[in-house]
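One chain follows as structure tokens, the form predicted on its own.
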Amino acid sequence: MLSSASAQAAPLLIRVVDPAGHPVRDAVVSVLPASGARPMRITQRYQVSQRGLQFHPFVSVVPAGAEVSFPNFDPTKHHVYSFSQARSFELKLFARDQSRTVRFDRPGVVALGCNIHDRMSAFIAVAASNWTAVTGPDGTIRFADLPGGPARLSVWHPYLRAPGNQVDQALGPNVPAVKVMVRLRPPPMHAMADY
């Protein structure tokens, strides 16, 4: 049974940086409280578009059970697929202004590709915990309502130098802020133009 102090919600600021202290964007940060994860609710429509021969966004988080649409805004056809264990699928050729939809039921990371354009790649993290988000350009995540007890923090990034591209660490109770330093591999030659 939780004490009243450990059961109180508390804010937590997480900052993900590289060894030089620069913020790391596109890191999926997840906090799993020892008291149990609260399932992430489906509150919006989710979308991974194809524009300029790239997927947008490059990394996204969706709740388990969410449907994600894949609209094509390019003047060429795309053939979106994934062989990931969390969700494998294939959306055969579809043209500009057409869209397809896929449901993601199992937590895990789903790597996306286009069978026509090899340089296109993206990732969808299917979350099991409500406290899961992607870092922006400032490398930070803020959770306003984290349970006050101990927790486990996970950071995943497509180029992270670690088994499974993920690092984990324990969080003590009521920690207001934490900085996580990660080492990234160079992106592959066909990565997004701004990576």
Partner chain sequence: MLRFRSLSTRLTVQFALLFAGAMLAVSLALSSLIANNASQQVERQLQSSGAVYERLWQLRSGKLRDGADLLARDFGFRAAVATRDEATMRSALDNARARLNVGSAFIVALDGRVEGSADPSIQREGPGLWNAFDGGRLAGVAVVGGRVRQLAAAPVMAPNLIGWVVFAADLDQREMTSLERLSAIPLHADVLVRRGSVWQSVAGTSDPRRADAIVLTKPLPSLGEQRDGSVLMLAYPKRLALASARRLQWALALMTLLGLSLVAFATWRAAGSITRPLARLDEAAGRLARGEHAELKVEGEDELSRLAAGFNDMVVKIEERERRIAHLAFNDVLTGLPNRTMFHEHLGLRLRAGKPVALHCLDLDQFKNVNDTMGHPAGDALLVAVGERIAAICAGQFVARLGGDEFVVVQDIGENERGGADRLAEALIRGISEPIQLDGQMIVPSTSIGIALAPTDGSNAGNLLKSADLALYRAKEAGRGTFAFFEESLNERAQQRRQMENDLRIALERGEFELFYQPLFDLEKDRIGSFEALLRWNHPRRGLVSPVEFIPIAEETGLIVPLGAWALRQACHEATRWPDHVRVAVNVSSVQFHRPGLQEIIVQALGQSGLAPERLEIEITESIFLEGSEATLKLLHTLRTLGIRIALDDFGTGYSSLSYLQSFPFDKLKIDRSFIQNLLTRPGASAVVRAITDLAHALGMETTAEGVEERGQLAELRNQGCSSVQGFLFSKPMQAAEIIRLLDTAPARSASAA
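Residue numbers count along the first chain shown, from 1. From a predicted model like this one, the values you see are computed outputs, not experimental measurements.
From this point on, the text means the form predicted in complex with the partner chain, which you will not see here.
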Problem set entry | Partner-contacting position among R161, R45, R142, R38 - heavy atom within 4.5 Å of the partner chain in the predicted bound form | R161
Problem set entry | is_contact(F104, the partner chain) in the predicted bound form, heavy atom dist at most 4.5 Å | no
For this session: Although the partner chain is absent from this view, report whether A125 comes within 4.5 Å of it in the predicted bound form, heavy atoms only.
Result: no
Exercise. Should F73 be classed as touching the partner chain in the predicted bound form when contacts are defined as heavy atoms within 4.5 Å?
Worked result: no
Exercise. Would R183 show up as a contact with the partner chain in the predicted bound form if we use heavy atoms at 4.5 Å?
Worked result: no
Seminar exercise, completed: Taking the partner chain in the predicted bound form and a 4.5 Å non-hydrogen atom cutoff, the residues of 76-92 making contact are H79, Y81, F83, E90
